[in-house]
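To begin, one chain is listed below as structure tokens, in the form predicted alone.
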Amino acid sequence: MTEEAPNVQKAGKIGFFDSGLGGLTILKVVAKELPQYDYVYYGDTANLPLGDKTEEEIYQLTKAGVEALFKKDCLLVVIACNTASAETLRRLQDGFLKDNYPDRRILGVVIPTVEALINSDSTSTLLIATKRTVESGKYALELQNRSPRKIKLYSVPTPELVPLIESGDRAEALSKAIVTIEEEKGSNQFDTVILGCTHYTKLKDGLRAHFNSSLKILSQDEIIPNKLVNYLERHPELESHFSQGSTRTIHLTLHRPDYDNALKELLGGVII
């Protein structure tokens, strides 16, 4: 997270965008680390998952979500979705943001995760992610551009995991993730697994229990909060314009009754 901070003139909120509920795990840990700020979450659940959409569809849906958050007074939006971060973040920053909202900022989750990998002692890593995230090659590109040392990166798409996690079938999702990782270990040697989708944070404990100390699991809910803290410390002119009412507001484009329990579990009660 290295973008220049805007010269904002009014109090505002911090926004989070994702296609479903995965990004709520990121909001939860960020709000725990920085409880004083006001947060708005926009989950485009009507178009879940983004991982099976075209690049243009992902761009248009992400742009619509980000703009909705800007209209809700968010000065900073975190795209808490790897697919959207990989496919559209730079295009949004270089075009849409400069042309329409030059006083706002958009951050993603891919670069902070790559930085965490570089700062680890990994020499060979497996990325599991959505089909679009893997096909984008964004992780490999950022790793190549940023790492001063050689880290091998293997990538495998796991498109079946998001629907399972969204439906509440974490046991089946965990089982499929374990099978995928074990199959990859049969042909490639790696010491670390990147959970390259914010939904997959729900699987980290089960994966760590299964693989014990044989694999290190990088989960984005353990990466993004400190990265955001560091970003705000580097940009006090931005931080000083955030409102501090400790509110958390959730907007979903399609609501289902089973989301209520997930929202309560993640945030302990919210405004929808």
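For every residue, the number given is its place in the sequence shown, counted from 1. All figures in this text were calculated on a predicted structure; none of them were measured in a lab.
Another form, the form predicted in complex with a small molecule, is not on view; read the next lines as being about it.
Trainee: For the spot marked by 113, 194 and 223, is every residue within 4.5 Å of the small molecule in the model of the complex through some heavy atom?
Mentor: The answer is no; none of 113, 194 and 223 reaches the small molecule.
Trainee: Where does the small molecule sit in the model of the complex: which of 44-52, 209-217, 224-232, 243-251, heavy atoms within 4.5 Å?
Mentor: It is the stretch 44-52.
Trainee: Decide whether residue 177 counts as a contact residue for the small molecule in the model of the complex under a heavy atom distance cut-off of 4.5 Å.
Mentor: Result no; residue 177 lies far from the small molecule in the model of the complex.
Trainee: Answer yes if any heavy atom of residue 162 is within 4.5 Å of a heavy atom of the small molecule in the model of the complex; otherwise answer no.
Mentor: Taking the distances in the model of the complex, the answer for residue 162 is yes, it comes within 4.5 Å of the small molecule.
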